[in-house]
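Given next, in structure tokens, is a single chain: the form predicted on its own.
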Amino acid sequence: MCGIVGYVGGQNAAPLLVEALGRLEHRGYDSAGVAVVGSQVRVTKRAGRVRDLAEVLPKRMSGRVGIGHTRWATHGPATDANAHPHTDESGAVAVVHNGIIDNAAALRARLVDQGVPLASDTDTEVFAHLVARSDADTLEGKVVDALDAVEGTYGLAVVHADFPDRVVVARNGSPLLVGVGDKEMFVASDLAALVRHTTTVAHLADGELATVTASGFTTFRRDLTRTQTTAREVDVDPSAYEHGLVDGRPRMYTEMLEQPASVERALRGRLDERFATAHLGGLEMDARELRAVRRVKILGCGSAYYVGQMGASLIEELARVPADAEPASEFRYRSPVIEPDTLYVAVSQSGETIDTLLAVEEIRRKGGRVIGLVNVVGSAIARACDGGIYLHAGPEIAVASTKALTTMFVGFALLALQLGRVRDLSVADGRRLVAGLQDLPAQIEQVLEGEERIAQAAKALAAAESLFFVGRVRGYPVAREGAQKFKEISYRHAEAYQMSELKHGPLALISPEVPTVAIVPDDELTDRNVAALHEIAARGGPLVVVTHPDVDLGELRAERIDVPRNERELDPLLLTVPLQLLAYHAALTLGHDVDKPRNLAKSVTVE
């Protein structure tokens, strides 16, 4: 959520800042603004899109130092006044901020008592006033004074008219990067904002600040002691971060089509055919340590949580180790018992999901071992974990996760295979699964080739105000992920249930107006699943069945979507892909922007 950019160098800052903000639109926002330091600090901000800001940006807004922001509302509605940057009453200080200041209400009340006029409803504005009222002689000192007064999470950037050569930034729980250019420097909350200008970046750690000038940057702690954070070259393709339509199609569509290639990358170099196992060197665990694991707990949010449920099933089936998944957003609030022989797995596409990051910190604080399953190298969760598995999905821009989710599943399959082979999983079963993993890219391609039939089914589903997604055992988390995709981009109510739970309440809602999307793999539960479908049909409920070619649905009237069979443990991935296409085409039918669904953000960096 929210996006921060900053620039210090020889070019005019304003157009660079606006261009960089445009590259952060996928994060989700409702307003945008920039502040530029020239002879004074000048601010332009607007509720709405970045293009609305660009239309009102003064042509003579010159200055070579500046900061910008896209806001996602937490305190106060989306208005011009609540948009960032925020300033003090004199206009000398400007601040942009991601995160939440927990004690903002008390600080606002104190400022009002002191006669300070407040121009917005936000928590961020108090920080600008605190910086301005500090007696410190340096901007760094003023920022530290202000930080000493606030509680909460932040990624922030500050400029001051009295210190026109610099931007001071600070991080606590919200990502911030410093980009190194040629006699110019950049600041951003997301690599996407920087890659057009530089791929040499430094990741700030929690509790760290930085002074950024045209000649370089220095990092330090709140006691002003220096730290040794350095910039490194990041291996990325800048073109992969381009937003908007690709060949006339939304990014979500191109990212779905990239899934065969992303799964192939996720598998590359990680399968050992000789010993029928997986090699995950990033775990930093040898065979003895893996054998000592007695339980696996998976933590994620949204789609990462649902694929975590698929992963837990894989681990239990292949490694015979108790495993379960839990929403990371709930984990730390129940004061969890952290067990020394439990392996905790944190799952996040961005590696910056605040709820998951806080869960990791809770585990580490209590002495637990946690590994990350993330897509972004150098992200906060990746750095906070004891080891991990990078997804290698490539940049994912669309809010609705597709290719990152499929590589998350692959990551869990590799982990389950490696855990299983150091235990009791046979060589024969290991070879069976290695072959199945190698078949996945071509089989995903085969599913995508059935898009036209899936699109026809989606058009009918789009007309419904409410839908059921149902599955059993391996199919249930697939149904949950399918419902998630459908609701987040089509804005239709979609609810997932276990097939076995229909008779325990939900069946009352079945009617000709409520379609059901059913996940029916060819496995040991097929007959029971087909029987449940007949119960839905008997009550007039329209059916879309995602299944395998050999499954006999009998006389059942249903729209059928067949996917190729793999090994039973790996089938959930192939059953998930058509649900992405269903949601995508339903959203297109309804005329929605699938890449930027309302009220949602790609990276959730506030609780």
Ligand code: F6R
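Numbers follow the displayed sequence, beginning with 1. The structure displayed is predicted, hence computed values, not measured ones.
Quick note: we don't show the form predicted together with the ligand, though the next part is all about it.
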Testing 259-267, 124-132, 102-110, 485-493 against the ligand in the model of the complex with a 4.5 Å heavy atom criterion leaves exactly one stretch, namely 485-493
**Asked** Does P250 reach the ligand in the model of the complex if we count a contact as any heavy atom within 4.5 Å?
**Response** no
Residue-level contact is defined here as any heavy atom of the residue lying within 4.5 Å of the ligand in the model of the complex; does S401 satisfy this criterion?
yes
Test of understanding: in the model of the complex, would L314 fall inside 4.5 Å of the ligand by heavy atoms? no
Examine T407 and determine whether its closest non-hydrogen atom to the ligand in the model of the complex is within 4.5 angstroms. no
The one option of Q418, Q309, N82, S350 with any heavy atom within 4.5 Å of the ligand in the model of the complex is S350
Answer key: of G155, G302, G372, G179, within 4.5 Å of the ligand in the model of the complex (heavy atoms) is G302
